[in-house]
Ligand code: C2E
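Take a look at this one chain, the form predicted alone, written out in structure tokens.
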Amino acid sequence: MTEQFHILFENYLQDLANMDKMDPNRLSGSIVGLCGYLGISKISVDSYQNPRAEAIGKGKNITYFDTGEQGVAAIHKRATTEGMNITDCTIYRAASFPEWDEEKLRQVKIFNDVTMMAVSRNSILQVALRRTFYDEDGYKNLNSFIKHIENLSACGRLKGNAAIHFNLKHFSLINQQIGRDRGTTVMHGFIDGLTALAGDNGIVCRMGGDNFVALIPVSRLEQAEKLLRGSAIAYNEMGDRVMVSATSGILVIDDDFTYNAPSNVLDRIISALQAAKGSSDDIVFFSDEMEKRKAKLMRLQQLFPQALSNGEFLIYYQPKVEIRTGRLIGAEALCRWQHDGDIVKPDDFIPTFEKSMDICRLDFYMLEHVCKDIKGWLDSGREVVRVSVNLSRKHMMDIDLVDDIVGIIDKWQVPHRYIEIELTETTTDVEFKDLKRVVSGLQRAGISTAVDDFGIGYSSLNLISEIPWNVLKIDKSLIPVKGDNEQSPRSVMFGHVVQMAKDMGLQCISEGVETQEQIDAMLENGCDMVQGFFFDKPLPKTAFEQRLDEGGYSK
């Protein structure tokens, strides 16, 4: 190796080692000197994300050195980084430069190898950076959101923004309607609109699926709210559009907000989104009351294991009545939590336990105690009615669910006809298939099944036409109320639902019946079975046993 090449090459190596910290022109200078000595007129690097991109010529070209005098392609080398990035490097000899002899060719190859190492290193860094801060579909991810918040906080620019956690509503249905590829186009279009509002100081990132987080200047929050409530997005060249909206939780970061870490922001917008999902409004702003409620719910979760072990969860039975005779024909088992002498409302703890698998443990606890009570009634010679037990959708992923249910019932030697399992409607294809599997399995075991809250879901007709239920429980929102006449939409719909259930051979029961007007509506439409405060509120075990002994209610 000649001394001049050694000096020039050493300068090049030093510049490569410091390339992240230095002016690119300095690196260009070392290349100019080395390329001039070697007679190189051009270094051309083509990078491709994958073999398909290379095949169609869709890549990125970088020219590191070009004197404008292009000679012959003398050296060509390929590097592959982690099976993802493919790089082709071509070094050209100047037409005016003599052909390379063996020594000069060896020097060119050394230069080429080192250059490719540098290019590969840069590719690895780019891949690592992309995988850290972007997801597989090209959206910035949660790491990007956290980093952005940290950077803004460090330079005092976080306040004056609004953090948003949002979930695109019913996006699986949009994919079904227009196809997944067009659905992807729609999602990008919606997010692009929000990204434009975010501007340079803001950001929009995907947490996964159709869940996103964003940081938007407060000055543009009103526009962002309008977009989140509903925006028509085109999905093809003809301009056909579909409406996209989101359920959103928002935190306004103002002077009253104390920032310590990104979790201060994330925890609050997650809480706000959860509140929005249970609200009549699709957008909910974080408040101090929400923080207090969250602390209370976390406390309930902490208490759950010990409460379950201590038997603090009590079974209350709400009677089901045949209204034409007043006869007690069944009951629904409902849960009450007695803690430190107080009764915790189901609305406070059931939604909390639904967020984890705690709800499944509680459901099996309920089934166990119902079977224990029924066994006691049978042994004492009481007339026993069928008792329904609610199961959460969380159970649907359990492939052994039917066996587990049957196992508990048989453990207490309870005839299967005395147990009914209530399940709520579902909206996704996966849940629908699991629901059908579970209901069919229970039917084969001789255990009655009921679809609960019928009329509030999105797949009601498929639900009863494809799944072999025994009982249809009509949600109280469909029951006629005072002021509804026979021609009112609610009365007409209620009548049709009752008749449809009867035509399909299903028992029909209305829940939430509270007034004489509703009882009259039941009789007029042929719905003979009800449950609700008109007859009884949920009763503790001893009070329900009294109702069992009485056999029903006076007409």
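In this text the structure is predicted, and so the values were computed from the model without any measurement. Don't overthink the numbering: it's just position in the shown sequence, from 1.
The same protein also exists as the form predicted in complex with the ligand; that form is not shown, yet it is the one meant from here on.
K.L.:
Looking in the predicted complex, any heavy atom of Arg437 within 4.5 Å of the ligand?
P.N.:
No - in the predicted complex, heavy atoms of Arg437 and the ligand never come within 4.5 Å of each other.
K.L.:
Taking the ligand as it sits in the predicted complex, is Gly33 in contact with it (heavy atom to heavy atom, 4.5 Å or less)?
P.N.:
Contact check for Gly33: no, nothing within 4.5 Å of the ligand in the predicted complex.
K.L.:
Please run the contact check for Asp113 against the ligand in the predicted complex: heavy atoms, 4.5 angstroms, yes or no?
P.N.:
Close contact is absent here: in the predicted complex, Asp113 is far from the ligand, nothing within 4.5 Å, heavy atoms only.
K.L.:
Does Cys527 reach the ligand in the predicted complex if we count a contact as any heavy atom within 4.5 Å?
P.N.:
Residue-level check for Cys527: no, no contact with the ligand.
K.L.:
Which of these stretches, 400-408, 186-194, 386-394, 168-176, has heavy atoms within 4.5 Å of the ligand in the predicted complex?
P.N.:
Selected stretch: 386-394.
K.L.:
Tell me, which of Ile329, Met366, Leu308, Leu105 has a heavy atom within 4.5 angstroms of the ligand in the predicted complex?
P.N.:
After the contact test, the surviving option is Met366.
K.L.:
Quick check on this chain: which one of Thr247, Gln318, Ser448, Gln274 has a heavy atom within 4.5 Å of the ligand in the predicted complex?
P.N.:
Exactly one residue meets the criterion: Gln318.
K.L.:
Of 484-521, which residues get within 4.5 Å of the ligand in the predicted complex if you count heavy atoms?
P.N.:
Sequence-ordered list: Glu511, Gly512, Val513, Glu514.
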